[in-house]
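This document opens with one chain alone, in structure tokens, the form predicted alone.
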């Protein structure tokens, strides 16, 4: 979707200023949000791409004014409501008002915490041969889906060169909408800065993105 989260190439947000000696969490509640998201995902309430999609659907003024983990919290809240694990009345009351909806993978104990906190593996067997090889010129499709996609706006319609082939992986566009894994080949594609930003761009700049095969056409 063309949401405010897709900020690449946009102006007016200032430079990125890293925080010296930044802590893992700025407040205790942030660690709890991380734990809730990972725990509910591991229990089968949603997958990682669905979780990303709900954060992307936050209204622009909320997204831009929220910290990193506040986005996670608000996305989690809306996702659990829409999937029937919470009601808005329960959120307002601050406690459960009815028996909880059963989770796909049930409960897990302390022995499973490390497994839950480790990011999953998304490589899958290839359903068909790769369409592109290293060195091929490809054009990013000019697509504008209303749902989740990992293809940034600023490369759509532009030509790049395949730099790496990462094998076949779960396709986020399908997984986010819970339409199955739909494995697709994943490539790193490098674009010339002048092609992306025009004559005013830095001629020495190159931008590499990871792009799934359905995002690309031969150039």
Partner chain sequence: MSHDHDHHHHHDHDHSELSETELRVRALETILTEKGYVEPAALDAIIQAYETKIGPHNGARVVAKAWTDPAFKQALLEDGSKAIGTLGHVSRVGDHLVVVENTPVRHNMVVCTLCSCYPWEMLGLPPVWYKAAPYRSRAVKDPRGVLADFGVSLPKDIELRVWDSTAETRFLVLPMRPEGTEGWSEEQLAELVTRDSMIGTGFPAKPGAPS
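Positions refer to the first chain, counted from 1. Quantities reported herein were computed from a predicted structural model and do not represent experimental measurements.
One more form of this protein exists, namely the form predicted in complex with its partner chain; it is left out here, but the text below deals with it.
Although the partner is absent here, residue 69 sits close enough that one of its heavy atoms falls within 4.5 Å of its partner chain in the model of the complex. Its partner chain in the model of the complex is approached by residue 86, whose closest heavy atom lies within 4.5 angstroms of it. Its partner chain in the model of the complex comes within 4.5 Å of no heavy atom belonging to residue 135. By the criterion of a heavy atom within 4.5 Å, residue 127 is excluded from the residues contacting its partner chain in the model of the complex. Within 4.5 Å of its partner chain in the model of the complex, a heavy atom is found for every one of 26, 76 and 103. Looking at 187-219, the residues that come within 4.5 Å of its partner chain in the model of the complex, counting any heavy atom, are 188, 190, 197, 202, 204, 205, 206, 207, 208, 209, 210, 212.
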